[in-house]
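The chain below stands alone, shown as structure tokens; this is the form predicted on its own.
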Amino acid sequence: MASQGLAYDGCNFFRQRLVLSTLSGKRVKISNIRSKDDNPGLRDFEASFIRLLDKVTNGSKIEINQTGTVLFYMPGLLHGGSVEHDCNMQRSVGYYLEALLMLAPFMKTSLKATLRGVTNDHTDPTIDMLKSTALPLMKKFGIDGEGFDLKVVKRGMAPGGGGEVFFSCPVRRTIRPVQLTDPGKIKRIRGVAYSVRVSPQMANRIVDSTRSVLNQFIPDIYIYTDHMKGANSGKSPGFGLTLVAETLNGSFLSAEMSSTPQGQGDPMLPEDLGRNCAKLLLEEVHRGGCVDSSNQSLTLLLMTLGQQDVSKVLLGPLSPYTIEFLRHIKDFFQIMFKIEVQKPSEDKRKGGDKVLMTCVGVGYSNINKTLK
């Protein structure tokens, strides 16, 4: 690779940099990783993430200095195939899976990944949320097929974990451009209230309190209760809720909450959790757009990698994470988005300010996929 590498400072946006580096084939050097910290260098969950990248690529070169404060990464080819990985307990499986969603369509062979660890916690997107929002989104970009699946085999709550998730994704040669400019009205709300190692009644209490808020807005609500028992329920007790609002035009907006991990902070009542999560969903609907805030970066990446044609997506206000992601896309792919802010009309029901993102894809072609 003759391409000039990119240099970054600090530990923020660590995954973004490595994922984009892998896709663009550009080397990356990240220095000063928590160099002023009492405990400097890479955290265990970041080291675990690097190991996962190493498993799905072929010929990646990774160098880390002794203190772990400098990382040099030269990406290899995305290989795919069957992969098993024990994720670090400091972050949930969602942290690792978000990156795999971005990489999976461009592998050489279809990815079949089994990830173990914490499936639901309150920092990263849970598996339920990725399944109900990220997968339908990817289908719009033409990533679909019989092998496209994400399932929770075992649930594991923080801090003990013990969950297991299976993700499989077919490979694609190219990504099709999309025009998602009108989300349409909300037609129904679906959800999963899960409970492990606590009374199954907890999930029912969550459902009742959630309905007390959402029934004022829409009649079509179905919240499924999922109570896993025995070996499938992981090692720690907990409960939580994932809600997804679906619009007439097939957009999905989601919100979620999970109980406070055992031994950390004040316990949370299922009633409060249900009500608060319902309010979060209403807030997400107010922000609106065709994609919810947790999937903004995935959308922008797929738009960037699309064929050389115009893609347009209407988003709600951009999250700080997304804004940084746009800067990284510019670094790695030299793609700039046209951003138009759309003020809502006088009609308050249209929600907050929206942003129309437009770009022309780079015409990324999966060089790893062999031509049949």
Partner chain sequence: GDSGHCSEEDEEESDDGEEESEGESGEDDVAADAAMKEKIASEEEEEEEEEEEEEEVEEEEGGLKWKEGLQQKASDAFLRQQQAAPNLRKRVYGSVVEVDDSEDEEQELGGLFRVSRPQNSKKFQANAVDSSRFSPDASHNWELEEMLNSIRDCFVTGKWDESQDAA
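Just so it is clear, the structure is predicted and the values come from calculations on it, not from any experiment. Numbering follows the first chain given and starts at 1.
In what follows, reference is made to the form predicted in complex with its partner chain, a form of this protein that is not presented.
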(Q) Looking at 64, 314, 52, 335 here, can you tell me which has any non-hydrogen atom within 4.5 angstroms of its partner chain in the model of the complex? (A) 335
Q) Quick one: does residue 260 come within 4.5 Å of its partner chain in the model of the complex, counting heavy atoms only? A) no
Q. Wondering, does residue 152 line up within 4.5 Å of its partner chain in the model of the complex on heavy atoms?
A. no
Q) If you check in the model of the complex, is residue 324 within 4.5 Å of its partner chain, heavy atoms only? A) yes
Q. Using heavy atoms and a 4.5 Å limit, would one call residue 199 a contact residue for its partner chain in the model of the complex?
A. no
Q) Looking at its partner chain in the model of the complex, do all three of 256, 319 and 351 come within 4.5 Å of it through at least one heavy atom? A) yes
(Q) Given the stretches 152-160, 133-141, 200-208, 218-226, which is the single one in contact with its partner chain in the model of the complex, using a heavy atom cutoff of 4.5 Å? (A) 218-226
Q) Even though the chain is shown alone, can you say which residues of 252-290 have a heavy atom within 4.5 Å of its partner chain in the model of the complex? A) 256, 279, 280, 282, 283, 285, 286, 287
